[in-house]
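Below you'll find only one chain, the form predicted on its own, shown as structure tokens.
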Amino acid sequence: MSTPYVLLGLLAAGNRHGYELKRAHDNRLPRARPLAFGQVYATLGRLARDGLVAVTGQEREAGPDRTAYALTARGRQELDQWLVTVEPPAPYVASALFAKVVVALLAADVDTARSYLVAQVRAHTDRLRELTAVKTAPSATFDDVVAADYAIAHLDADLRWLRTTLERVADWHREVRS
């Protein structure tokens, strides 16, 4: 993920300190890996160094000083440029799932590879059910629905690939083993 740009985007709504940015990140990207406070502050330090954010002051509310940051004009330009730049599709298959299936075919017999694929299909199907429950819950926010839809689409693609591979496992195993 592009943490610096996410923080710039969150600052586009107004000045915030690191704690507020972390909370906003974790709320707005509910299915993303939560940010660590150290990551937030290290990233803000680099953004300030590069002139993309500026310190607007410090406040203290029953705790340590909290430094507030604002998006600079240069930061806004960088953010706008990032938003209009199309993300290229990944050039390589970089997935633990893909690697594990290939290794299972290399290192295990056909039945073991099939067992792994069946177990993985089951795990993906269970996760699809969980995400469907999240997005259809009465308390679901728009952020929850968008994140769940994204995850569901990726899980669905994985499931299609797993099922196709399961149909081909004997042929693939013979080819890989020869």
Partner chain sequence: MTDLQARGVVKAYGPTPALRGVTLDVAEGEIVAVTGPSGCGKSTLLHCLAGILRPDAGQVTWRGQRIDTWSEATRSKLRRTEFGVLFQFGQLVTELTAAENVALPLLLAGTGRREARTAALGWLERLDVADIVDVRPGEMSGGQQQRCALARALVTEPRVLFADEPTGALDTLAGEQVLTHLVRLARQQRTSVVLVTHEPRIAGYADREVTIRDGVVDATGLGLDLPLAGGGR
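Everything numeric here is computed off the predicted structure, so don't read it as measured data. Numbering follows the first chain given and starts at 1.
The following text describes the form predicted together with the partner chain, which does not appear among the structures shown.
A residue is said to contact a partner when one of its heavy atoms sits within 4.5 Å of a partner heavy atom; Asn27 fails this definition for the partner chain in the predicted complex, lying far away. Residue contact with the partner chain in the predicted complex: Asp111 places a heavy atom within 4.5 Å of it. Taking non-hydrogen atoms only, Arg31 never approaches the partner chain to within 4.5 angstroms in the predicted complex. Mapping the unseen interface onto this chain, Asp50 falls outside it, with no heavy atom inside 4.5 Å of the partner chain in the predicted complex. Shown here without its partner, the chain carries Ala137, Ala153 and Leu166, all of which come within 4.5 Å of the partner chain in the predicted complex through at least one heavy atom.
None of Leu128, Ala68, Ala147, Leu44 but one reaches within 4.5 angstroms of the partner chain in the predicted complex through a heavy atom, and that residue is Leu128. Looking at 18 to 45, no residue comes within 4.5 Å of the partner chain in the predicted complex, counting any heavy atom.
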